[in-house]
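Shown below, as structure tokens, is a lone chain in the form predicted on its own; questions about how it binds or moves come after it.
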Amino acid sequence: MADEPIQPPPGDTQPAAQPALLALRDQIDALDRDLLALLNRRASIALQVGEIKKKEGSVVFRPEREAQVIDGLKAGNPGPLKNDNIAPIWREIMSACRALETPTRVAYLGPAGTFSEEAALGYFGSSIVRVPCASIDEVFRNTSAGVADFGVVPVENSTEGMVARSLDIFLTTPLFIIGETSLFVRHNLLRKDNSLDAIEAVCAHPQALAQCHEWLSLHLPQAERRPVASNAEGARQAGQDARLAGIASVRAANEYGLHVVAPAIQDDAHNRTRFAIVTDPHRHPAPKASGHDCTSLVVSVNNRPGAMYDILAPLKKHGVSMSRLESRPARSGQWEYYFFIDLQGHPDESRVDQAMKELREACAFFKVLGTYPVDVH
């Protein structure tokens, strides 16, 4: 009958698109073509900038410039695109444009699938040459030797505090910090078999094992906790032996063909790790002031009454805020300590410059680890 509904052909379960939806799709297609044209125009101008930089002998990557670009876009963002999405989008755009000028080689704690790799990609974008390293020490060595232009090293975790090995190397390395990034760390138990049964050992970086202590004690009390160089290395080993499990990211699970047996097993639901971006000061200048900067120092003072006051007094006098103060044994056998300090501000600001000069006079050891834009989300 004429008034009966038209039946779709057998196997056709997709309803016909409404005219309004088709019209919106056409608009999106047109905008995508416009965006591609604009991105290519941006890339062309970036190439011109690169030619000028080559003639001047200046560097391609300027972290303070990229931070200012992202800050400006977020300040002028009318929505509905959220400000949290601005930085990841533009980092990828800038990464692709930089790659047209010269490849950026970035060292990080590997192998594939580590949180360090994720931090490197989040900071520099995916258009980089990846240089995975077997240890934090190797990240510093490869960056010092010029194998990589930059290194990405973990320095602090919101649950376990400082990453001791990174801070120890900062005392003697010629590298300095030119940027930072922080990463939400979601630890997952990974295994070949999709079961918690018969797990003999859990392999992961010592920090990850510590960050999952309570969960492991409750669910796998009999399993050995086996420290390895990285979480991805633990996942790799778990992929080769069904008796093992690893603690790592979903990316590592995909990389090594593992099941996520238990997701988000970290003890702190808000677990974050902060990474420093390091490079050789002879190959890359210190970033200029961006307006939102951090200056990292390591100092030591003679063991005398009022020594800590002498460190803090110049900061109070000149109105400089301190966002971090960590102590680390000097290993001299004399109960002496190094103090790792983060100051808010840049030495180009007179108040910061004066405070640092007076602080230097009060210290037996004083080293600037770097001045850099604070993490741009």
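The first residue of the shown sequence is 1; numbering continues from there. Only a predicted model underlies this, so the values are computations on that prediction, with no experimental measurement involved.
There is another form of the same protein, the form predicted in complex with a small molecule; it is not shown, and what comes next is about it.
Within 4.5 Å of the small molecule in the model of the complex, a heavy atom is found for not a single one of A201, L209 and R225. Contact annotation for F61: at least one heavy atom lies within 4.5 Å of the small molecule in the model of the complex. For R98, a non-hydrogen atom is located within 4.5 Å of the small molecule in the model of the complex, even though that partner is not displayed.
Although the partner is absent here, M308 lies well away from the small molecule in the model of the complex, with no heavy atom inside 4.5 Å. Interface membership of H318, defined by any non-hydrogen atom within 4.5 Å of the small molecule in the model of the complex, is ruled out. Here is the short version: of R65, R41, K54, R351, the single residue with a heavy atom within 4.5 Å of the small molecule in the model of the complex is R65.
Only one of M94, I169, L73, L216 comes within 4.5 Å of the small molecule in the model of the complex through a heavy atom, and that residue is M94. Contact with the small molecule in the model of the complex, defined as any heavy atom within 4.5 Å, is confined among 322-330, 338-346, 308-316, 45-53 to 45-53.
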